[in-house]
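The chain below stands alone and is given in structure tokens; this is the form predicted on its own.
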């Protein structure tokens, strides 16, 4: 079971992944973390029925994993969330197997996504213009129903897509679901149909009012109300919730030998409606060609708030059943359907106060604390104001009414303030001249918009540096998360990075919440970190502008970490991935006495300050730079990179004029197109790369 600390950790990681959605290198380096974040949210959503983020946020994180694995197929593992239909199940209900797996839908967020999906469908089908059926994407709880010989025999939740929870009795309480239907009229002996259980907006409002009268907390949205109702152990209580069910898909049909088969999806909706089911017959739209679909989506989104039900988008389906069969499906989603997700919601709120947070490099970030407001399924209470210039440009004052948006990047953003709504009590936001933590005078350089605390011994910076030092992508000291670091710092057990290796473990065992096993695991993690390679140590130091790639380049350049102390800024700039700003930052770090003393302490403790892997001084590829893209067939990407390095080559993180060779596998993407525009880059196939190695 996840703790509150786990919840906070995964929410922070979720935001970090969403922030770096377009950064392919970041996603590749953090792919294991992305998988863990997805597993966490799947557990919260499907097992605990208590999601911590909006669907749009989860979709974006899931898409980063799919995209990263597509670009880097060597990183796909058997336990990846993309390699199975769905997550685990709760044990409160018996599990039953669906006749046909309940696959997820591929998501789209703009016209370009729909155009690309349509292109693939036309290429696979050989049809120039496809007829689509477009219908609302109801925001409720997914269900699967089986009717045999015209009788309702079983109902289940979506579950993991293959198996669901048997909620047959609970679904009987929903009056819009007939207990018998004349499927035999259409020659159908057995059928499995899919739908969504909903609570309409009016009933949801009344339900929350009832909760308020009982001094109970209200539910966040109608979807949670519907989903929670289906999992109630007392079936009669379900009938009191005024739930409804829309049935929108026929998943499986067993016909007798006489009938005429259903020809189209729209026809199936008409049949369901005629048999007494609430299907989206009135809401559906039959359209030819993707351009008309795009226009319809744009118009429909405008009226979403006028609908009696919550919807979060539209579903576009190939209408012809035979064509659906031809297009088929992947292990995750049908190729003949896609969900078009509506844009994030906007809302207004009031700015209550501004807090100034200090980062590990001394940066001061103003954070707006607003009147909590639900936007797109989550409650927003804090929003970054970025810097002093942002506050000035947006003309934001304390007490202002603000327009808040959860845009495509999901992180809440202040669109604008409303000066016209001011009543006279609003106050200008005064940026501090001193550090809130240590009272040191703040500084700001001409080239930056950020104010910084220059005091390296600032307590807030010390804590943030320790948090970064122990993080997964740095020294990876598991069990010493942010909450524990802050607690131990306040207790005086931690005062700097070296003190991490001097924690009083005997005293720790006596603290509440720290058993012998957890302390043993922490000791093991700390000891293990002393053997981390040099590039991880460099990355963990939190040097401004120095990430994992630059850390590797620095580690390759030196025999001992303190060799960097002897290098000039000009010499540092000769290192791969080190520009003027990065060189200045590295130079300043290794010119600071406190930093050198810290590194000497770490070495005396046993950490590795010597490089364990030096770039070969000679080889067939000496001095040549390489980048790999697409799927290699004869070796993994990591194996190819190691082979290049073993022969004197260097691995770059992106396409630039510094790149000598781009090695291209199958399904190469934008890197190939970019490389074609730079004449000096040689483009090689995998076989040509292997021949180059053999020369």
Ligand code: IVH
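What you are looking at is a predicted structure, and each value in this text was computed from that prediction instead of being measured. Residue numbers count along the first chain shown, from 1.
This next part talks about the form predicted in complex with 2-(butylsulfanyl)adenosine, which is not shown.
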Classify residue 494 as contacting or not contacting 2-(butylsulfanyl)adenosine in the predicted complex by the rule of any non-hydrogen atom within 4.5 angstroms, answering yes or no. no
2-(butylsulfanyl)adenosine contact at residue 315 in the predicted complex, heavy atom, 4.5 Å: yes
Just to confirm, residue 104 within 4.5 Å of 2-(butylsulfanyl)adenosine in the predicted complex by heavy atoms? yes
Interface membership of residue 142, 2-(butylsulfanyl)adenosine in the predicted complex, 4.5 Å heavy atom rule: yes
Which single stretch, out of 358-366, 128-136, 512-520, 414-422, brings residue heavy atoms within 4.5 Å of 2-(butylsulfanyl)adenosine in the predicted complex? 128-136
336, 277, 587, 204: which sits within 4.5 Å of 2-(butylsulfanyl)adenosine in the predicted complex by any heavy atom? 336
Pick from 557, 158, 452, 223: which residue has any heavy atom within 4.5 angstroms of 2-(butylsulfanyl)adenosine in the predicted complex? 158
Pull the contact list for 240-257: residues with a heavy atom within 4.5 Å of 2-(butylsulfanyl)adenosine in the predicted complex, in sequence order. 248, 249
